[in-house]
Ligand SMILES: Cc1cc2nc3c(=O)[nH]c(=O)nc-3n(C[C@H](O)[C@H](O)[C@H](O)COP(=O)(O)OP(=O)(O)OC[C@H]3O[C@@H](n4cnc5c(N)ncnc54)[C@H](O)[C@@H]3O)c2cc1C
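Before any questions on how it binds or moves, here is one chain, the form predicted alone, in structure tokens.
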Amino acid sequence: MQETGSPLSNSKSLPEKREAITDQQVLIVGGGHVGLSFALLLAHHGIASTLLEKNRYPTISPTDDRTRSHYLDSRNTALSRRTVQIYQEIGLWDELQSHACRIDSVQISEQGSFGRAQLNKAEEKVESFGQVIENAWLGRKLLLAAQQSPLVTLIDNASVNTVAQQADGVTLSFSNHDAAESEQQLQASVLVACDGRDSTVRQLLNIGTTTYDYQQTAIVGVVETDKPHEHVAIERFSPAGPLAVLPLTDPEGDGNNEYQQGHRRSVVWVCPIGEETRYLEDDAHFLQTLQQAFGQRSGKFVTTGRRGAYPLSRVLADKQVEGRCVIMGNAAHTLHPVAGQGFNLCMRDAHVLAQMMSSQVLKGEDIGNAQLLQRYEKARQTDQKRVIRFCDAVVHGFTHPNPAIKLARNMALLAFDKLPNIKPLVATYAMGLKS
């Protein structure tokens, strides 16, 4: 889990605790955003889980109320409207929203070309297209909710060693680096692996992957501009790859306050692999490059914080179910960050599986039943394949140097902006409201 300390609001209560309605336990490996969210979804349905995380969790308290200490040094995630609805469903959104900034408008363009398109919430008759939230805050709130849930058992600083399946369950052995015993075991009805792109569980189950290296690196950070963001997200395509500037909350403010004059923006800058060093080490060069790419749409880029570099690849598990084991999150599908679809797709996966398990429990049946898990895998294929195709089409379509293709994509942007009935369809898919 990459999230560490972040300020904490004490204005809202956490979700009401519930009693387990089943003694069937789910074992979750990987306690990042997806793993914690899945554990909380299960708890919402009265299903107990044990979650193993390889890193040590930070110590947090519900009484902490610190202000942001690294206001330009945070990673951020764009949450679709559907993801927001899922967090509302389990009673967490009131805790999250003070550090989330809504997206009212999306502007799409290509550097040096005539194509332009814009989505506006008023035209699409929606409250927003989504929210941008600081990873540290999201992780902190998810962890605190999991720690306070009687249905979630957390074991951190633990490494998985083996996975063995039986007819009626799964046995996992692990090393807990805080315990005296060299190796311990856990048994459960089903195992869900949310342990990332290089998933240990996936490898132990001998599930292969199909991998594509984009030969790109994403430079991720936070900047400040002299012009308020006005809740506008900007997608800009350059010869190097897709770029994004997203609105963020004020340092001390609520991102949904109508009177906010936010100047902080999350930036995802994609460059060819091998060119990332100067963007990471030279603030002036990074700001100047952004200015050249975005022009005056965002105002002047005046300040930047610490940045991270992340090599981009597509990693797809050859299958997402093996017996009583489910592969989920980045372990199942690691995608290009264009359009911010990856995490939101994972959340829809988690929501569907939790609902299916809940229905199974209410019928008094086995939540690790192989047929149930295979139905889950099949049920998620259409949504997953559509998002994967979309991400790849955008990446390859907007970086292809052929002049005829460049003309065609700019004409397509203009058509998208002008033709009726196209925007609502695209907006619905982008918001995750049709899966």
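One rule holds for the numbers: they count along the sequence shown, beginning at 1. Fair warning: this is a prediction, and the values are worked out from it, not measured in the lab.
Keep in mind that the form predicted in complex with this ligand is not shown, yet the notes after this line are about it.
Residue 160 is the only one of 160, 117, 361, 287 with a heavy atom lying within 4.5 Å of this ligand in the predicted bound form.
Contact with this ligand in the predicted bound form, defined as a heavy atom within 4.5 Å, holds for exactly one of 248, 346, 142, 233, namely 346. Heavy atoms of residue 55 reach within 4.5 Å of this ligand in the predicted bound form, making it an interface residue. Residue contact with this ligand in the predicted bound form: residue 368 places no heavy atom within 4.5 Å of it.
When contacts are judged by a 4.5 Å heavy atom cut-off, residue 29 counts as touching this ligand in the predicted bound form.
In the predicted bound form, this ligand sits within 4.5 Å of a heavy atom of residue 200. Looking at 317-325, 335-343, 88-96, 278-286, the stretch with residues near this ligand in the predicted bound form, meaning non-hydrogen atoms within 4.5 angstroms, turns out to be 335-343. Along 301-320, one residue reaches a heavy atom to within 4.5 Å of this ligand in the predicted bound form: 310.
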